[in-house]
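The chain below stands alone and is given in structure tokens; this is the form predicted alone.
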Amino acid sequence: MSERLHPAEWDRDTGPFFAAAREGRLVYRRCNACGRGNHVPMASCRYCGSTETEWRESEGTGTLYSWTTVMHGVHPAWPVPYTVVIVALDDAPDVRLTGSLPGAPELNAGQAMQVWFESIGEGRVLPNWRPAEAKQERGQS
């Protein structure tokens, strides 16, 4: 398998997101003025424009918002088929994060999802998602 593409961990807005992932934590940016979650994180709230934002730790659970299965390969590091998922956080529904699952699993809108942390080499870690039932079946934490 080819090397995975690496995230821009040096970015001042997204760097803390990836640093937390290396520690096995899922974080998101929350606006202290309007209370909404913001992702992709940036200097000001995308809803109200306030610069009073802070990092919050998530419980790492969510619901499946949308998904699509990719059948045409575009990069050797991503063998097809695979399914891209968009998950809305339970503790911050405004925040929707992406992940991927191998193959073309049967999924349902609103399905419970659980974060897990995928090492992609060179000390880099990405939050990823899987159906919550899969976690229970495998007996993983």
Partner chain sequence: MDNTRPAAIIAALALKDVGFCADVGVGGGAPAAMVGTAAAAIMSGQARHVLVYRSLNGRSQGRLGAAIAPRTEAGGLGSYDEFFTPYGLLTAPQSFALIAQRHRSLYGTTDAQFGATAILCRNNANRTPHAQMFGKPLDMDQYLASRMISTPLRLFDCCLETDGAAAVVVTSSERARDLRQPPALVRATAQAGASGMSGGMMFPSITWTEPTEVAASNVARQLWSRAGLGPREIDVAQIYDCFTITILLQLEAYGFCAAGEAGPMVESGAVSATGRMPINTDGGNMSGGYIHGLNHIVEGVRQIRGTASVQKADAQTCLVTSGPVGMSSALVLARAA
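Positions refer to the first chain, counted from 1. The structure presented is a predicted model; accordingly, all values stated were derived computationally and were not measured.
Below, we refer to the form predicted together with the partner chain, which is not included among the displayed structures.
*Asks:* Would you check, heavy atoms only and a 4.5 Å threshold, whether residue 90 touches the partner chain in the predicted bound form?
*Replies:* The answer is no: residue 90 has no heavy atom within 4.5 Å of the partner chain.
*Asks:* Given that the partner is absent here, does residue 48 sit within 4.5 Å of the partner chain in the predicted bound form, heavy atoms only?
*Replies:* Outside the cut-off, so no.
*Asks:* Is there a heavy atom of residue 86 lying 4.5 Å or less from a heavy atom of the partner chain in the predicted bound form?
*Replies:* Yes, residue 86 is a contact residue.
*Asks:* So in the predicted bound form, does residue 23 come within 4.5 Å of the partner chain, heavy atom to heavy atom?
*Replies:* Residue 23: no contact with the partner chain in the predicted bound form.
*Asks:* Which residues from 54-73 come close to the partner chain in the predicted bound form, meaning a heavy atom within 4.5 Å?
*Replies:* The stretch 54-73, when checked against the partner chain in the predicted bound form, contributes 65, 66, 67, 68, 69, 70, 71, 72 at the 4.5 Å heavy-atom cut-off.
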